[in-house]
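Here's a solo chain for you in structure tokens, the form predicted on its own.
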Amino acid sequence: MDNLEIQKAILEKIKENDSIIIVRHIRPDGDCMGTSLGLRDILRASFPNKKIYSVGNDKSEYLRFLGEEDGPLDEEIYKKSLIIAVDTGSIDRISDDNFKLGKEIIKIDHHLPVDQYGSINYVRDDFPAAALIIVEMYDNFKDELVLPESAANFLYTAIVTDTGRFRFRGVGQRVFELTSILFKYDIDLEKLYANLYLKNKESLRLQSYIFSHFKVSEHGVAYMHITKNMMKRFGLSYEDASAMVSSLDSIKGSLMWILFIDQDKKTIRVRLRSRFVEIVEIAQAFRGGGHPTASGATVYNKKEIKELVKMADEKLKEYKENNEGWL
């Protein structure tokens, strides 16, 4: 089926069900939260007689300004509901185990395909944000769907965060065409960007520490290990530390930058970013995945940190030897 036919099939499933639960991935970012809440509010406005929920078991402090999700929900609600999973490449990353009780699951995602876990798997890895899929569906079926102001704000937040304010690869004419649809409402950009990008003093102090202590591999991979002790010293959470990955994004010659962040006593989460160079294979080699130039992974000790940095360094060496025009 082509994209329009898949979208029609998803809409028909929505019409068939009186109860719909939208789920998203663990450790929510702006795209998964904005997409989940935006889809919820579109469906509530379009089908006022249906029960529509957006749920997840964990939170992100920096996204609290978006408002609360729904739930917790009784298991009986799941059993009679259609489940729509958004922005979640693999089934083990869904932030709600009760989704397994649902009547049927639909996957709507933009990551490189990993799991085909839905009865319908709609994956658009040509889109830099999952929210663009929802906007396109609204645009294709606007004679049947309603876009309320709340959904426009949620979806714009999702797009602007996952595209790095329209800086990342994959942003082109179609992205701007779809995003412009949301501006049928007055989106308060100043307030939105203040909520997303203003930092507290503690975060700035950690950022200063990173600038003074980050390492660079032989061929230009910039990296830093943020330990539990460091987070305690600066009074910051794991989430605060994770947000620091962009601190290393502007170093000439360092086309890859990586943060290793202690999540608990055994687990070290990895945030990998790059420009020009595809890094998703590195993430996949260390229990992760994601996008070509923005991925996540997991390691369990300093030995694996060294192994990942070595793999990244070799990848960057190869890229520099075979390509021109990089900075």
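Keep in mind that what you see is a predicted model, and the values were worked out from it rather than measured. The numbering used is simple: start at 1 and walk along the sequence shown.
One more form of this protein exists, namely the form predicted in complex with a small molecule; it is left out here, but the text below deals with it.
> Which one of these stretches, 173 to 181, 217 to 225, 118 to 126, 86 to 94, sits within 4.5 Å of the small molecule in the predicted complex when only heavy atoms are counted?
The contacting stretch here is 86 to 94.
> Is G30 a contact residue for the small molecule in the predicted complex, using a 4.5 Å heavy atom cut-off?
Heavy-atom contact with the small molecule at 4.5 Å: absent for G30.
> Give a yes/no on whether R275 approaches the small molecule to within 4.5 Å in the predicted complex, heavy atoms considered.
No, no contact at 4.5 Å.
> Answer with yes or no whether R269 is in contact with the small molecule in the predicted complex, where contact means some heavy atom within 4.5 Å.
Output for R269 is yes: heavy atoms within 4.5 Å of the small molecule.
> Even though the partner isn't displayed, in the predicted complex is R287 close enough to the small molecule, meaning a heavy atom within 4.5 Å?
The answer is yes: R287 has a heavy atom within 4.5 Å of the small molecule.
> Name the single residue among I258, I279, L43, A297 that comes within 4.5 Å of the small molecule in the predicted complex, judging by heavy atoms.
Answer to the contact question: A297.
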